[in-house]
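Here's a solo chain for you in structure tokens, the form predicted on its own.
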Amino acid sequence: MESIKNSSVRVRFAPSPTGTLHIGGLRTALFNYLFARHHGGTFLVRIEDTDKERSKKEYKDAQMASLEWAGIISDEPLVFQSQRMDVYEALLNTLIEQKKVYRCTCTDQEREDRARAAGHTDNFYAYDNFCRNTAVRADCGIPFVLRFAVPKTCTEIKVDDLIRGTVVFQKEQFDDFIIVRSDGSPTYNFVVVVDDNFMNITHIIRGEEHLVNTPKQILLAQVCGFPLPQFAHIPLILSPNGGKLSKRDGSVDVLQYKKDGYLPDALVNYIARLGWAYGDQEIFTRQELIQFFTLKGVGKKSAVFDMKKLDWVNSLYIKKLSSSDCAKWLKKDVCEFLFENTLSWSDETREKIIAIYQERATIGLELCTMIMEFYKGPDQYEADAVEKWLNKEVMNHLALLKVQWGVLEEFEHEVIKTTIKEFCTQHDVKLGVLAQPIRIALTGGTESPGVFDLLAVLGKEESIKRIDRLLASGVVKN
């Protein structure tokens, strides 16, 4: 484990507000956050909103809400690229004067025609530097882009990646690339270099899909005289079948996980393990993640997103909650409707029922659904359960048992348990033969928490009412 803390470490997460935050983006933010916290450094958020048409405030708000819910908060005010256009323009003018950047009026058709004439037959061809030595004026009246003049002395670019090792790019792999579009908007590769320098970023931790951009950004930083940050490109997240992560596989808005009833610490725990490992440990507290996280623990191999594994992790976190905290969480984040539609229950009763069902739930929405179904009681009974467990003799036993319950002064767990066991002894009935029919009466089926717990929390009046409903249902023919 890296033991030396470095408060000068500064990292950033830089989303574009052109959509909501998904799992891949959240993991990138988390790895940056954990790296900064582990080293006692600074975690920052930059909004890359230079795309005026696609950038939306509602997307930015949703992304920030996702990060806040996950407990990943910027240590300094947000930086917006749209508010720094004058900075980019000033630097571009300097680079043009220094002939490190030049105006290019070549159209796509002109570039293609020249490439075909030169014998190129493939669909991709490098720009031929046609305008590099042509003095195109800013007021030429023709649309132009700004291209970066790759230094002629450049033959290769080495990226010393903290995860992937040394990656070498040959000059032939890229050309004099565009850094300002014809509409005047700067491109990603240019503005990130300027802003990373402005924000004093020391480490750039991002997805491996950005690795191809890194040599361009290194060249730009060098000609601008900026110190180079260290780079670390984390592996992709794939679906279980090895393809791109889709909505079906879990690639949905992070806030949807909140609505479905995933606890933020559970989701953070799970995605931290997507591409990172600390021995064989699976479950981590937030403080343990900060303590143990290092880039040495991040592998090169793509990670696989497994919803079943996430559900398992989430179920463990749900079980750890007190019934009171679980109730507060459900009401705040998941299903306020549960509380609005169970008004006949006291808060104490509701928490007791939550405690009973917590052990069986993987997500909050499932927990709410189970509790709501229990609250309403069965309106029909599972056919297989009826066929297996109900007959005339059993129905007679239920009728007799409810009469005994009627005279009980207390209807608590131990009293109920003793009464049912004594009844079974008196009538020579096995406990399971009677317990399952009671469970059917209370819930409609045989898959439920302990029957004594359910009876106690429902109370005598409601329990007898549900027994009566089953007896009157006609599911067992005379």
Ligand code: GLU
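Bear in mind that the values here come from a model prediction, so they are computed numbers and not experimental data. Residue positions are given as counts along the sequence shown, with the first one as 1.
The protein also exists as the form predicted together with the named molecule; that form is not presented, and the subsequent description refers to it.
**Q.** Partner-facing stretch of 392 to 400, 161 to 169, 303 to 311, 204 to 212, counted where any non-hydrogen atom is within 4.5 angstroms of the named molecule in the predicted bound form
**A.** Careful reading of the contacts points to 204 to 212.
Going by a heavy atom distance of 4.5 Å, is Y188 a contact of the named molecule in the predicted bound form?
Contact with the named molecule, yes.
Practice problem: Using a 4.5 Å heavy atom cut-off, state whether A14 contacts the named molecule in the predicted bound form. | Solution: It does: once the named molecule is placed as it appears in the predicted bound form, A14 has a heavy atom within 4.5 Å of it.
> For V192, is any heavy atom within 4.5 Å of the named molecule in the predicted bound form, or not?
Replying inline: Within the cut-off, so yes.
ask   = Across 31 to 57, which residues bring a heavy atom to within 4.5 Å of the named molecule in the predicted bound form?
value = Read in sequence order, the lone residue that approaches the named molecule (within 4.5 Å, in the predicted bound form) is E48.
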